[in-house]
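The chain below stands alone, shown as structure tokens; this is the form predicted alone.
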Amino acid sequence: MLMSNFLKNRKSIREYKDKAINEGVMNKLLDIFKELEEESNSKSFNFILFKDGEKVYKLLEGKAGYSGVMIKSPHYIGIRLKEVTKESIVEASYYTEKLMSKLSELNLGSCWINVKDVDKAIKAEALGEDNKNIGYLVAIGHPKAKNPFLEDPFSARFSIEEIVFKNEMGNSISLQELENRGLDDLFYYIRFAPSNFNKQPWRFILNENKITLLLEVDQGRTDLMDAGIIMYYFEEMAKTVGLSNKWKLIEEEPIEYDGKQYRPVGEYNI
């Protein structure tokens, strides 16, 4: 799978066939769970499969979902953190997005579902007592066929110049310089990475030997799930231009730019 093509065409699936995933594919899915959990060194999370999607949907309908609408699917995956820390949130979202890219290889659709604000008693009934602290689910299943006469809704993307800066926020970088450094394709494609409500909250500062990732601060908070997602796709795209480093989490004060605050959350050496 070409990551550039996957990113550009990646879509959250919000309508699924009323059809369970067959046992063979389900076993492959469980193998992927194990593979990704073992790949993670910190063991800070694990995936939980909820096969009875009908039960989960009925109990969470009207209480959770994408933009307030619960996604109905035959099955759901829960991301259970063993300890809630900055590191565990970023790592869990990183590997969940990696899981979702692997689901596409099984011809399965997927979609993030926010359940952070659902009452814990309701989550305990829907997901089990041990899973009442889960903050996110992933809907999975076979996508419904698209109506060929309907166009997909268009999601506008920020330009490279709006998300990548040289040395400091607000100092624009030329596409020519990015091309000279072999980074133009990388930044072109990661613009298509998903984010909560498609806010595209990430910004990048490019220095001589490192890239700093910043997230927009919204009501005093940064959504660290978005950090893990963009870090995953950045690292995968970086491999295509000969870079194989990993993001390192950092703690720094927010930076003011264009009437907003952006908090540095990671560094990538180049």
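Everything numeric in this text was worked out from a predicted model, so none of it was measured. Residue indices: 1-based, along the sequence shown.
Just so it is clear, the following notes concern the form predicted together with a small molecule, a form of the same protein that is not shown.
- Stretch 107-115 is the answer when you ask which of 159-167, 125-133, 107-115, 172-180 has residues with heavy atoms within 4.5 Å of the small molecule in the predicted bound form.
- The closest heavy atom approach of L60 to the small molecule in the predicted bound form falls outside 4.5 Å.
- Using a 4.5 Å cutoff between non-hydrogen atoms, G65 counts as a contact of the small molecule in the predicted bound form.
- For S195, a non-hydrogen atom is located within 4.5 Å of the small molecule in the predicted bound form, even though that partner is not displayed.
- Proximity of V56 to the small molecule in the predicted bound form falls outside the 4.5 Å heavy atom cutoff.
- A heavy atom within 4.5 Å of the small molecule in the predicted bound form is found for one listed residue only; from K19, K260, K11, K246, this is K11.
- Comment: the small molecule is not present in this chain, but in the predicted bound form one of A92, I140, I71, L99 has a heavy atom within 4.5 Å of it, namely I71.
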